[in-house]
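Okay, so we've got a single protein chain in two different forms coming up as structure tokens, structure 1 first and structure 2 after it.
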Structure 1
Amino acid sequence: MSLASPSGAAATGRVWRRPPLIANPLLRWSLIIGSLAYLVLAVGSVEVNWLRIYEGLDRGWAFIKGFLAPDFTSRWGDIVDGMVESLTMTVTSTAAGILLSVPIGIGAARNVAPRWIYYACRSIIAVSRSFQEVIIAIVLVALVGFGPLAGFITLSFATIGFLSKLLAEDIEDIDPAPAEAIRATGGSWFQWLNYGIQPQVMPRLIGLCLYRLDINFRESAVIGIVGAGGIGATLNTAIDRYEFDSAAAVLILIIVIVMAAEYSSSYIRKWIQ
């Protein structure tokens, strides 16, 4: 099909239009009207307590003012302990998660592993990705008690689902020519994996590990709110006591550390690639 030029379109009186995503107009408009109706009903079902919002404006403004004069001194000891605990949980859980994710990711790649190993590893990934970190942390706090152990297990478990899935997809998308060349020379399975596949996915894997390290630190602040240790417990205590200036100090430190991790990981990824 040829596209008519503007002059040609003007001459013929016909203008080309992009075809709709759904060709059937009855189905298309039914979906649009149904989606809008559901959106209206969903918004209408939300119960909004305007009096409660009005009463909370003062506390919201007090929280914002806390960022203008953050208090780093009153709870400095608790902040340092929480930060050290969060960083310890982040580094150890990321390392443990990487060690477990690599073999699971290799097993979850369809072009590398036998079918039964593939399905077993994919099942592990699916289970790990099915639950949000806060839910896992609540369960683990009930199992092992309050403290950083629950946070360590939570972040390690979440790292497996994240890293294994992306590593498996990278392995499935490799250029098969180098790997086939290794096999053509009579190389073993480990040599095929080490020389044919590993060089193609290693830069991406290192970048993903650094990205997960960043995520785990941020998640350590979230799961601490439910008792899994870390700076989140300090933040939750400050907010419960309406010490918004101390809470602002904690949040500012979290932002600074996340930004430092982001810039560092970006530099390392560029250096590796």
Structure 2
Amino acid sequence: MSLASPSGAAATGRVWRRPPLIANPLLRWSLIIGSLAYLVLAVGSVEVNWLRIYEGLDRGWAFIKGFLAPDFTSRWGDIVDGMVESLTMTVTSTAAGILLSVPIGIGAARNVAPRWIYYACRSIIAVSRSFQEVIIAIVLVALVGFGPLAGFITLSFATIGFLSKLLAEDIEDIDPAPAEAIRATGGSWFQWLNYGIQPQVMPRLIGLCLYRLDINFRESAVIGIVGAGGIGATLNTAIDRYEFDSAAAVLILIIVIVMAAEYSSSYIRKWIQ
């Protein structure tokens, strides 16, 4: 991309070029060719059944129409049941998740916990983070049966990985001076934690908990698909029966609740800090 003015280029014989993102030309070209080759292979392996898509077009249209005119009435009972289940699951699992993840998070902070507790807590976090909610839900539905209890355990478990990890990182990042000061007064370990560390991480922890509440609600809509209770089951039936107007109603409710949660959590965060 040359950008020199014609007169300037003529006068000096030099042309300005934008520096390339990757300096080494060999690496640059092999990366470009490699990704092009991958793209060709990947796009080539997508099998598209145009006939099926053509047949589905009116269903897609029905879905868009359903969004414009959602049907809240004909499945209202199911929608209310599913929403109540989702919301109760969200509240209980977030509360339980916070209760579990605070001690684990403290244990996973290098500057607070002894070595062996640190490694134990870190491995709990790693296990919780590496499996997706849906996969945990499948196993738990097999263990405790269909219904919101499986969803509750799934979401609580998933909360641990998220909250403990971020809490542990916050505790590791604190300013050591206030904690040192509490220790210098002869405070016990709990007093040290309570007065030296907790005030420093509390505002962010509250923000993270609110964020997790939001995530848990969104996830509660998904794990219903594999039978773990909540609005996902209602949504699944509506879509399976091609009742796109009811499905659109559910989706609109989810979007509205997520928006409300996002708005109020930013309000609460401002009020706390």
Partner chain sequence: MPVTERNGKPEWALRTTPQQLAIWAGWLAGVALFVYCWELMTQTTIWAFFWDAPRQAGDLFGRMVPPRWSYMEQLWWPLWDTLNIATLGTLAGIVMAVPVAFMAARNTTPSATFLRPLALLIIVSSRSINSLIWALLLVSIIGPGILAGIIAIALRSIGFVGKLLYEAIEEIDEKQVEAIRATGASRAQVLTYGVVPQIMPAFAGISVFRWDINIRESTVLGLVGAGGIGLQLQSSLNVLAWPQVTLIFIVILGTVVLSEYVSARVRHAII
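Please note that residue numbering is based on structure 1, beginning with 1 at the start of its sequence. These numbers come from a predicted model, not from an experiment. Take the two forms, superpose them, and find the largest set of C-alpha atoms that agree within 1.5 Å; that set is the rigid core.
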| query | finding |
| --- | --- |
| Either 1 or 2, the form predicted on its own | 1 |
| Smaller rigid segment rotation relative to the larger between the two structures [°] | 17 |
| Core superposition result - C-alpha of S35, shift between the two structures, Å | 4.1 |
| Rigid core fit between the two structures: Cα deviation of E47 in angstrom | 2.8 |
